[in-house]
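A lone chain, given as structure tokens: the form predicted on its own.
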């Protein structure tokens, strides 16, 4: 039996047995424990904000998409007034799905089982044969609507939560300063380039989840082919001497969000032999616009962001990282053979589908005001690199199931994962943004911060 206070599994194992905070170690068992998984649904996924999509997916009244908040299937819809709603896709009559299509347009959703019908805002319309009042007389129609989640739009991204108390501002914390630079930087914001890509992997959600805590080190080995191909700078012979992409400033916040900020000057060397030295913020932006930003859009950065935020975008922009618990951010430079570099903007969510399955969902973006040829270029870049069959994700998708396989072994699951290569918090001179900062070579600090956010939520009964 599980205890209500703290966390103790039925065999007496405690959360502190699984996550050793003194040694910075995590038991491999956490990747394959059914009791723990059930608690995660309650203590993590039902309590925090979850990314479901982007408002550009449902531009018209009545548009909807079907998504999952962990194992809870929901309808994301836009009503006649333009407001976006997220509601449980469970008919309160017999528990059938009210909506069975992945996406579409409907001002009312009718359950195929007994015909109960609901508006786009989730309110109950009625059941067939109105005069017979087949919804009964013990509950009013106002009580029979679909269960609704709280919704927040951030840079057009649709977030939802079942938690009545957690504000979105508290969820972001100090990460907002950096995330605004990615999601809230232009007048008309981002738009999605087509529906999300999806596939299911045989592994626990925490395996890709903890990697999304800004694990930069694995790219040197697992994604070595990118460097051998010159995509991240360097050559096959110089990878471990120059360690391209490993130096910068990693950061984390107590909420578990993490980011890797990489010096634009170092990135620029990959594209052109022109020095960044002595250049103004605007000159630097024009030499190397942030991924997804064209030169025509640069004035909008100054309009929508603070001076400090634009300065960071020009000098050491956030490029990869994650939002706890299950979002990966990849806003990366993507050089083309013709010397251009329009970039690739992707978000992944790792949606739990049981203790041993996760759905990988890939959202691809471009700035809405970018030219169509740039959008096509960015879509192609994102599919090639971070898409479900991209050069990067093929490597990851091969590794995660093998970790999962090991977590099932009687002896293997007693192994602990080590997060002991730690830099420690250190604020670089002149750094403006908040959070805990780890300058230099990327180490385990941000991934350990991800595990501490997980620990704190799981310990809170």
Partner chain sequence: MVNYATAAIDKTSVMRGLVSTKRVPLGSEVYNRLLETLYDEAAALDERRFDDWVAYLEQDLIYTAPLRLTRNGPNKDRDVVRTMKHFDENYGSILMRTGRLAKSAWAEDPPSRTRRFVTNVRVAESETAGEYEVVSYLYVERSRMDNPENETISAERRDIWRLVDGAYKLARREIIVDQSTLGMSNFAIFL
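Residue numbers count along the first chain shown, from 1. The structure presented is a predicted model; accordingly, all values stated were derived computationally and were not measured.
Although it is not shown, the form predicted in complex with the partner chain is what the next lines describe.
Student: Could you tell me which stretch in 417 to 425, 26 to 34, 49 to 57, 430 to 438 has residues with non-hydrogen atoms within 4.5 Å of the partner chain in the predicted complex?
Tutor: Selected range: 49 to 57.
Student: Check, residue by residue, if 81, 121 and 329 all come within 4.5 Å of the partner chain in the predicted complex, counting heavy atoms only.
Tutor: The answer is no; none of 81, 121 and 329 reaches the partner chain.
Student: Which one of 108, 129, 200, 153 is close to the partner chain in the predicted complex, taking close to mean a heavy atom within 4.5 Å?
Tutor: Here the answer is residue option 200.
Student: So which of 305, 90, 265, 222 reaches within 4.5 angstroms of the partner chain in the predicted complex, heavy atom to heavy atom?
Tutor: Going through each option in turn, the one that passes is 222.
Student: Is there a heavy atom of residue 103 lying 4.5 Å or less from a heavy atom of the partner chain in the predicted complex?
Tutor: Residue 103: contacts the partner chain in the predicted complex.
Student: Considering non-hydrogen atoms and a 4.5 Å limit, does the partner chain approach residue 74 in the predicted complex?
Tutor: Answer no; every heavy atom of residue 74 is more than 4.5 Å from the partner chain in the predicted complex.
Student: Can you tell me if residue 364 lies within 4.5 angstroms of the partner chain in the predicted complex, counting non-hydrogen atoms only?
Tutor: Flag for residue 364 set to yes.
Student: Even though the partner isn't displayed, in the predicted complex is residue 359 close enough to the partner chain, meaning a heavy atom within 4.5 Å?
Tutor: Output for residue 359 is yes: heavy atoms within 4.5 Å of the partner chain.
Student: If you apply a 4.5 angstroms heavy atom cut-off, which residues in 378 to 398 are near the partner chain in the predicted complex?
Tutor: 379, 380, 383, 384, 388, 389, 391, 394, 395, 397, 398, in sequence order.
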